[in-house]
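A single chain comes next, written as structure tokens; it is the form predicted alone.
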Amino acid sequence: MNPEKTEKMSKIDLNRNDMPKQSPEIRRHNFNEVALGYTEELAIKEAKRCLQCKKPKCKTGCPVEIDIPDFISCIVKGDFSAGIKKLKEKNCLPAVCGRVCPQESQCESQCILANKKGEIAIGRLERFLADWEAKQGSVDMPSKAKPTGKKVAVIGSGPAGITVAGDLILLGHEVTIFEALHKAGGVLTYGIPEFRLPKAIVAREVDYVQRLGVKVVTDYVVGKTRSIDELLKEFDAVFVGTGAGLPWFMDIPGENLNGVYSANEYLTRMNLMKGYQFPKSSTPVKRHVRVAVVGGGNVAMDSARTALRMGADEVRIIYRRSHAELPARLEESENAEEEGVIFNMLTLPVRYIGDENGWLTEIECIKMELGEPDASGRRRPIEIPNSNFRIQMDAVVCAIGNSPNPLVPSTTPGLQTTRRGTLVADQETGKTTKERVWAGGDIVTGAATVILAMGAGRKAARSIHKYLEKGKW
């Protein structure tokens, strides 16, 4: 082997720098952010681990095409201002992505050091720059193209909608976001808890696109207030980014009992409607003592950790596969375990049991075992006959997935959907089956990640801009 190469490899630092966070004993009793972020010293130390590869694979793993080595090199130099500018060339939500995106399965998984389990903490460095900028008290605004006179309507203010709006406003188009709820941000506002993504950060990111010139109209339900066809009379193009807000249930006996929630309802009450601040907030919340959460994804972890903070004595995750198959980010499941959430793996609810007043008192479950892999690549869970047992619980949160709300498709002739209720849209352009209408994010893919929705928004923005320039569908 080349001696020079051998010497270089021996100098590689494979030890990621841990990010400070609240201790489990303290954080399980408050809604303050768990992860505290890098200090300047830690950020520079972590950034110096980057090899600055000539052909960086990390960039190929980023759905919004961030120039990762460039922004990291700015941190190494201590030029944080240049670093955040480089980030914002591709990402208008860096403070959000640095907190909730699954970098471990995207950009970080492509890092050349991942083979030795020493990948660079790209997400933590992204968060550091975004937080550093916020502390400065002022934000540099990028230059905008001359006004084109073209108008675009964006339905939904979640990650996909904000990305489309942010990209198109810089290209000179007039953009208006229509949001059904009373606050903008979509799932970032109503779904992800305060301790994982503070709402002040979401508001700051929404404010940024508004300062760019994007108009945000809240309490506006497209499909009720106005239809897409009506919007098309005023706007040159429409982007649909309404997400996946229709909760799934298991269709088992007892789902109508009091104390049985969908994760959508539970988390919306706590986050958007500030239920966690009751009685200071006006949203009434019942204190449950023993709470079960059905599911194994990030939403399930969010629900379980929220229930703990709301004062539950016992919180359990009930998941039909084993720990190895949990779809949640490792960081989220580890945080939940550290905080005291109990995991009942290879377990499936089959019935909810209530008292004479219609309140949940018990969950009947059956034990499972893993068979051959199914279409998802994970081993299929199989019921073990006569293994039924009961757990005393006074609340259960169903967090097994969501579908798109059918309101927009059902009120828009010519907008084709799949059998899952998602919109049919071109993967590379976001074009739907209806002329001058684009779509992206969970409304197309089903429930997925923030960054994938943003990536879809970026592709749609390019296609919309091309259409507005040339007038050809």
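The first residue of the sequence shown is number 1, and the count goes up from there. We call the rigid core whatever largest set of C-alpha positions still superposes within 1.5 Å between the two forms. These numbers come from a predicted model, not from an experiment.
Another form exists, predicted in complex with a small molecule; not displayed. Remarks below refer to it.
Asker: I have Ala180, Gly186 and Val408 flagged as a candidate spot, so tell me whether each of them has a non-hydrogen atom within 4.5 Å of the small molecule in the predicted bound form.
Answerer: Heavy-atom distance to the small molecule in the predicted bound form: all three under 4.5 Å.
Asker: Report whether the minimum heavy atom distance between Asn335 and the small molecule in the predicted bound form is within 4.5 Å.
Answerer: Looking in the predicted bound form, residue contacts with the small molecule do not include Asn335, since no heavy atom lies within 4.5 Å.
Asker: Whether Phe235 contacts the small molecule in the predicted bound form should be assessed with a 4.5 Å heavy atom distance threshold; does it?
Answerer: No, Phe235 stays farther than 4.5 Å from the small molecule in the predicted bound form.
Asker: Is Val221 close enough to the small molecule in the predicted bound form to count, meaning some heavy atom within 4.5 Å?
Answerer: Residue-level check for Val221: yes, a contact with the small molecule.
Asker: Report yes if any heavy atom of Tyr261 sits within 4.5 Å of a heavy atom of the small molecule in the predicted bound form; otherwise report no.
Answerer: Outside the cut-off, so no.
Asker: Name the stretch, out of 292-300, 308-316, 357-365, 371-379, where some heavy atom lies within 4.5 Å of the small molecule in the predicted bound form.
Answerer: It is the stretch 292-300.
Asker: Which residue among Pro102, Gly166, Pro349, Gly275 has a heavy atom within 4.5 angstroms of the small molecule in the predicted bound form?
Answerer: It is Pro102.
Asker: With the small molecule left out of view, which of Arg127, Arg196, Arg269, Lys88 would have a heavy atom within 4.5 Å of it in the predicted bound form?
Answerer: Flagged contact: Arg196.
Asker: So, superposing on the core, is the move of Pro63 at the CA at least 2 angstroms between the shown form and the other one?
Answerer: Yes, shifts by 2 Å or more.
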